[in-house]
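Single chain ahead, written as structure tokens, the form predicted on its own.
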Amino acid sequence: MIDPKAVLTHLDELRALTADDDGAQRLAWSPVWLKARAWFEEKLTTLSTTIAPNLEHHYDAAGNHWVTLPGASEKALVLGSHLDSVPNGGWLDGCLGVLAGLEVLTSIAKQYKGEPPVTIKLVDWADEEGARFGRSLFGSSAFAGTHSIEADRVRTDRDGLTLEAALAHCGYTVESIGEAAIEQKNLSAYLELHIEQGPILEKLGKPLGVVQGTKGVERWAITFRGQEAHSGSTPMEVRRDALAACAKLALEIRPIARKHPQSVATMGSVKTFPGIVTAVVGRCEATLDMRDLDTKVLAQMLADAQAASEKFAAEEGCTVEWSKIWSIEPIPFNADLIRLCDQAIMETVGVSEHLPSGPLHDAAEVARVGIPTVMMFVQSLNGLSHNKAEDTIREHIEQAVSALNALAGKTITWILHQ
């Protein structure tokens, strides 16, 4: 009943509609993103007029798009991901999960002649990427009740437009986004298909994998303070160079992360002041992102990095300050659904793999509220994502759609026995 090639057709259509020579341009709350959503609504209209006349869809208070195929039971299986992209993004990130979910919903509607044993839902989460305003998982965090309205409303994009204004332009009120939590009612399981965005599955020669959970994140701003001085007249031995202290830390976080098999750590930005070639750096501001699936490991990495920063600051005659930007705890996925996902993959391709997700996903916010959740990864070529070179073998995409459909069937049975 499932037609994986239909997903490829839809992916190609969406790319033609919303990408340019630099890649996907479905930036959340932008005209191109709205065009993508309108295109998706056309697919729903076709589905409702040909196969599922009782299909319903609506947008919640945070802009999440919910599609519902009512079943004999109000208990609901949810499939989801996101249509928004980063600027100059790839053709699969996020949208693969939405369009694969649409095909699985279509298959279930055909199989059960429009009335499955449980309700089937499909959700396109709003602004998963956070690429425009820096607030990742916007729609799913509103759904989960972990939103931060006061902090988020004043976030600005590179043109100075606030998130509050962008929401208003699309018909949403920032004060009301928490009302999206009403959508939690009767949700019994959540499944999400996504490209891996990393090199592990390709390295192992496996097309699909089961995601154990999403890594926790510690994200900090670090400021080293030294003394501005003339670069020509200040002897090396008396300099208090804030950049030197920061550079030592940037090198040290790599061995800190490498102590733990699944850990990663990144100093992604550095700003120097006064920032001119003729002055010793008096202030250096950096950002640090650390991730692991184990809470204790994540805490140890952070402690090691902070101790190292104090050591290097002292060596360079500087001081150092840490300010938290954001954090999220590791989110393990449901053991029963992990088992079912593993079975579905094995039945489809004969091999499977368990791996954590370093990138954040909406599935983490769903799992945080206690809804049984699992993700499936499909291999990414060269481990690339968030750029136009992102790609996956088309056969692997078809296998992923088939495996997701098998997982949905197993999950329906699991829900009925809960």
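The first residue of the shown sequence is 1; numbering continues from there. These numbers come from a predicted model, not from an experiment.
Same protein, other form: the form predicted together with another copy of the chain, not shown, and the subject of what follows.
Between the options 336, 347, 228, 157, which residue brings a heavy atom to within 4.5 Å of another copy of the chain in the predicted complex?
Answer to the contact question: 228.
Have a look at 332, 275, 117, 178 for me and say which one sits with a heavy atom within 4.5 Å of another copy of the chain in the predicted complex.
By the 4.5 Å criterion, the partner-contacting residue is 275.
Taking the partner as it appears in the predicted complex, which of 76 to 84, 164 to 172, 256 to 264, 119 to 127 has residues with heavy atoms within 4.5 Å of another copy of the chain?
Going through the listed ranges, the match is 256 to 264.
244, 289 and 316: each with a heavy atom within 4.5 Å of another copy of the chain in the predicted complex?
Result yes, every residue of the spot touches another copy of the chain.
Do residue 359 and another copy of the chain come within 4.5 Å of each other in the predicted complex, heavy atoms counted?
The answer is yes: residue 359 has a heavy atom within 4.5 Å of another copy of the chain.
Should residue 213 be counted as a contact of another copy of the chain in the predicted complex, where contact means heavy atoms within 4.5 Å?
Heavy-atom contact with another copy of the chain at 4.5 Å: absent for residue 213.
Residue 251: heavy atom within 4.5 Å of another copy of the chain in the predicted complex?
Yes.
Considering non-hydrogen atoms and a 4.5 Å limit, does another copy of the chain approach residue 188 in the predicted complex?
Contact check for residue 188: no, nothing within 4.5 Å of another copy of the chain in the predicted complex.
Taking heavy atoms and a 4.5 Å limit, what residues of 195 to 213 are near another copy of the chain in the predicted complex?
Contacts from 195 to 213: 196, 197, 198, 199, 200, 203.
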